[in-house]
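One chain is shown next in structure tokens, namely the form predicted alone.
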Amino acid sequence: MAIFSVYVVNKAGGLIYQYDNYVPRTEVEKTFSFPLDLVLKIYDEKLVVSFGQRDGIRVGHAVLSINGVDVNGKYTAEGKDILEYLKDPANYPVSIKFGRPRLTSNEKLMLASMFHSLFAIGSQLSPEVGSSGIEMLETDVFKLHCFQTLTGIKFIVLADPRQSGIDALLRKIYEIYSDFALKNPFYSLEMPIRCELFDQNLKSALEIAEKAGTFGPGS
């Protein structure tokens, strides 16, 4: 069981804090000979697999590194176009690492804003007045849990579907936010949270939740 990540979204839908606690490793590195038996295409400034699956490499996986050196989107570390590089037989054999595309900071900001809008739509669709909005979304590999405070701040946790104690964890994160962000004289409301004590206590809370699943008195 694992807690994957934590997001804090302000009442306007802006992402003010994000922490990746555990990112599953779905990366595969293989050595290829010429010609490459996978079809690659550029999508959202990344080079991804569009056709052909083998040895754990899946359609949608992105090129993460070439010959052990991380790539920069569709370019090698030296600034060369990866597609052109892979067309040259002289560059083979070549070792390519594939994996799930990594979210950029801008993509995380956009997704937080989209969830804020979806949360509002969920509240408006409710047949009853005063709906709490979306509290949980479930997939086959993770659950998204959301707790919104009376002031509109949303605390979001992505966790393994089998992870217990998430409701208690969300309220513990709210408590940490109140103690180490709101009471910080240098913190401005609705702005990004940059506080070392907040980081430390959040990480400690996540560790306790993963091991025990609950928070007892005084935790």
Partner chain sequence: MIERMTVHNLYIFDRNGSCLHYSEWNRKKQAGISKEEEFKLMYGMLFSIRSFISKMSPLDMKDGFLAFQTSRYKLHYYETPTGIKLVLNTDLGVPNCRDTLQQIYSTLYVEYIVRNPLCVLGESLQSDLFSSKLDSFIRALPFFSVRAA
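Residue numbers count along the first chain shown, from 1. Everything numeric here is computed off the predicted structure, so don't read it as measured data.
If you look for the form predicted in complex with the partner chain, you will not find it shown, but the lines that follow are about it.
Colleague: Identify which of E190, D44, D70, D179 has a heavy atom within 4.5 Å of the partner chain in the model of the complex; exactly one of them does.
Modeller: Comparing distances to the partner chain in the model of the complex, the residue within 4.5 Å is D44.
Colleague: Partner absent here, but in the model of the complex, which of 190 to 198, 32 to 40, 58 to 66, 147 to 155 has residues with a heavy atom within 4.5 Å of the partner chain?
Modeller: Contact criterion met by 58 to 66 only.
Colleague: Looking in the model of the complex, any heavy atom of E138 within 4.5 Å of the partner chain?
Modeller: Heavy-atom contact with the partner chain at 4.5 Å: present for E138.
Colleague: With a 4.5 Å heavy atom cut-off, would you call K80 a contact of the partner chain in the model of the complex?
Modeller: Looking in the model of the complex, residue contacts with the partner chain do not include K80, since no heavy atom lies within 4.5 Å.
Colleague: Examine T76 and determine whether its closest non-hydrogen atom to the partner chain in the model of the complex is within 4.5 angstroms.
Modeller: The answer is no: T76 has no heavy atom within 4.5 Å of the partner chain.
Colleague: So in the model of the complex, does N91 come within 4.5 Å of the partner chain, heavy atom to heavy atom?
Modeller: Outside the cut-off, so no.
Colleague: Pull the contact list for 108 to 140: residues with a heavy atom within 4.5 Å of the partner chain in the model of the complex, in sequence order.
Modeller: The stretch 108 to 140, when checked against the partner chain in the model of the complex, contributes M110, L111, M114, F115, L118, I121, G122, S123, Q124, L125, S126, P127, E128, V129, G130, S131, S132, G133, I134, E135, M136, L137, E138, T139, D140 at the 4.5 Å heavy-atom cut-off.
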